[in-house]
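Just one chain is shown here, as structure tokens, and it is the form predicted on its own.
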Amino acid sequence: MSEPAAFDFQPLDPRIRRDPYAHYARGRREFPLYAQPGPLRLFSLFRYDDCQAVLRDAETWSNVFPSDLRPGGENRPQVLNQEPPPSMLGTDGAEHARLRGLVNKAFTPRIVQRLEPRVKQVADELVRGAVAQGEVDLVQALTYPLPVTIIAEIIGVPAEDRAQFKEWSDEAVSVLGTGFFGALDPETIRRQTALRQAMDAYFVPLAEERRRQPQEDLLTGLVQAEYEGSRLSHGEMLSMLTLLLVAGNETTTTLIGNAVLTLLEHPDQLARLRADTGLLPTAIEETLRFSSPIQFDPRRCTRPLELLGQELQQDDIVLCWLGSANRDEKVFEDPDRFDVGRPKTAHLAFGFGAHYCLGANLARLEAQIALETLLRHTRSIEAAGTEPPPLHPSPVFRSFTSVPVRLAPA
């Protein structure tokens, strides 16, 4: 009998990134905790229950990754080690709760529902324009401008700056997650530093304006929190605004694009959804499960422990592969089948535990409205071009930077 082939899971390999599911399935069966080759003590976790357990335990598994733990971090020039205060994404415990609490009220289900008429208005304008063109890149025409317009209005920054926001967002997430697999070169770090400085320079005068003239927006709330004392420092406010602007559009852009691409790959399900748009909520949940926008969620081990028969050390890093967990056959029936009518499932697409995605309700609303508007204004949607869509540069996302489509008007 021949020896089984070695497990060669390379998260940066474009072929694996485009279609990782066979590797995920083998990881779940044979290598549930896989030691990734590379400069860090880095492990991949593939099963639903294991990923959920790690994400649930915020004391043992931290979301803080000091720069000296990253490849080459200890050798970085001092000027490059001047990192900004962490956003709520890079904090734990009481500090995380403090920062999250300052923006949480802007994303409650009640507040999100009040945004519905405006989301519908923006989506309608964008889809009408796209249908009039006939053949478009759906990312440029709809999946990016819709969420960035809405998050810009929530924060209180001009939506007409969205071209600049997209440039910043693309640069900010282009290297997200890559540092786990190798050192970032000094030029990349300098570009990221320059980006942060440019965004700070944009937000500072806006914040000063809100201090003088408060408005009904999130920026005013953050400014007032800053000036009320120690609740939010100036640096924390800028980090928070940067996170909200980027995170407020990136995942939703990916979700809408993945929904369209997946429906095009499953024409029977597209026809079913056209015939019954009441399935839109479950279609979005199924897209989140089947084609998860975020593929992995990292955590740092805070103490030595044993996990799945392996000894882990303090500061070891585990990547919880959400894209694999959401295809776990022990949790989801027939997990590789895309079913727009699948009963709501407890997928992990928005994470789990203390760091569960703050904007999940908003992302769902925007995606449902975008799809409903697209279906209502079109007779058919077809993929345009013969080349595979270009991959997002970050391995964190299973996403595509361009989605060319032909739209036939209804």
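Remember, it's a predicted structure, so these values are computed and weren't measured experimentally. Start at 1 and count along the sequence shown; that's the residue number.
Just so it is clear, the following notes concern the form predicted in complex with a small molecule, a form of the same protein that is not shown.
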ask   = Applying a 4.5 Å heavy atom distance criterion, does Q368 contact the small molecule in the predicted complex?
value = no
Practice prompt. Spell out, yes or no, whether the shortest heavy atom distance between G257 and the small molecule in the predicted complex is within 4.5 Å.
Written response: no
| query | Does L375 make contact with the small molecule in the predicted complex, using a 4.5 Å heavy atom cut-off? | reply | no
### Query
Even though the small molecule is not shown here, does Y34 get within 4.5 Å of it in the predicted complex, heavy atoms only?
no
Looking in the predicted complex, is the small molecule within 4.5 Å of a heavy atom from each of V157, R162 and V204?
no
With a 4.5 Å heavy atom cut-off to the small molecule in the predicted complex, the contacting stretch among 357-365, 375-383, 42-50, 23-31 is 357-365
In the predicted complex, the residue from V127, L263, L244, L319 with a non-hydrogen atom within 4.5 Å of the small molecule is L244
The listed residue (T287, S239, N326, T252) that reaches within 4.5 Å of the small molecule in the predicted complex by any heavy atom is T252
